[in-house]
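Heads up, the chain below is alone and in the form predicted alone; it's given as structure tokens.
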């Protein structure tokens, strides 16, 4: 095989794996929108906050250390010990569960049956508050997140594929990041688990009932407040997974919250109410932007990955506004 063809295959594979990382963030949007009709603008910040909390527990960092030092004149920063990764993940999950409970009690219970734009504006305020709260709680410096997962290129894949091209072609094998492969496996497991939870459990069916009609769900004894806590708790868990994977890949920093912007085109392609659609949309975006940058980028000066996804999403909005797997809206007059 020619080196050019193999490079194209490598770009496609890396695009698929990048798309999976986008999909992990998009899943959180889908879960909350599917169960409550709320477009949660704060999902990206939730991923950032979850990753900051995980690193803070791992490193034994004292929460609000900078505030405590400023008020009391002390110089404390850490407890002097490090927490095992598994225990840190469990503690971070507990924090995200507490976050879900507080969001429901402080914000959502006062906005039942309000217009979608009001709920959307509430999540914008929540996003900015949570970003500032995370900064105050854990500090704004860039943090390294070590989950004990293998990173870097897979030498096994490189050694296996280097012989696929002629020796004088200059092809040195395909570079596939091992962390991206693990993230792909995690995403598949999440989609299977969430789909099964939504379709075959009592709470999952209640989630879908609330999404269809709040009043009807209340009339048959479904607790709207409990369902919202469950939904935001699951979204918090997904945010922790996404934030952990992105944080392990590029460091935990406040620009991590911007990955939510890349999830928007994913949602537009896959549909706001489809869990499998979030994965398919992410794969399309990931492969599309990598191939476009590889084939067309050099002709137009590069940096096409910054805008290609949004242009593709705009095209989908024109011809199929509900996305590939979204529910088609039918209005009867």
Partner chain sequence: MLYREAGDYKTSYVDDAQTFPIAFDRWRYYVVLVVAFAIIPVFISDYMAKSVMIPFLVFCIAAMGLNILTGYCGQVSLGTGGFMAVGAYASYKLMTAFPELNIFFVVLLSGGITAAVGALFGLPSLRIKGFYLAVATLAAQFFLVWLFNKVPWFFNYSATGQITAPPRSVFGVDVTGPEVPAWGAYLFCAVFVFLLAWLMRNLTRGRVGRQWMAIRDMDIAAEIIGVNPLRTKLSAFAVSSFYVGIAGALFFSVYLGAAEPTEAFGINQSFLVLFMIIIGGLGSIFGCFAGAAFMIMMPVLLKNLMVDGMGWPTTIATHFEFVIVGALIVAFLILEPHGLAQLWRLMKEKLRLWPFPH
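The term rigid core refers to the most C-alpha atoms you can superpose between the two forms while keeping them within 1.5 Å. Since this is a predicted model, take the numbers as computed values, not measurements. Residue numbers count along the first chain shown, from 1.
Omitted here: the form predicted in complex with its partner chain. The next part is about that form.
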Among 237-245, 258-266, 185-193, 83-91, mark the stretch whose residues have heavy atoms within 4.5 Å of its partner chain in the predicted complex. 258-266
How about residue 304 - does it come within 4.5 Å of its partner chain in the predicted complex, if we only consider non-hydrogen atoms? yes
At 4.5 Å between heavy atoms, is residue 120 in contact with its partner chain in the predicted complex? yes
Applying a 4.5 Å heavy atom distance criterion, does residue 56 contact its partner chain in the predicted complex? no
Give a yes or no for residue 271: in the predicted complex, does one of its heavy atoms lie within 4.5 Å of a heavy atom belonging to its partner chain? yes
Heavy atom within 4.5 Å of its partner chain in the predicted complex: which residues of 93-124 meet that condition, in order? 106, 107, 110, 111, 114, 115, 116, 117, 118, 120, 121, 122, 124
Could you tell me whether the Cα atom of residue 317 shifts by at least 2 Å between this form and the one not shown after core superposition? yes
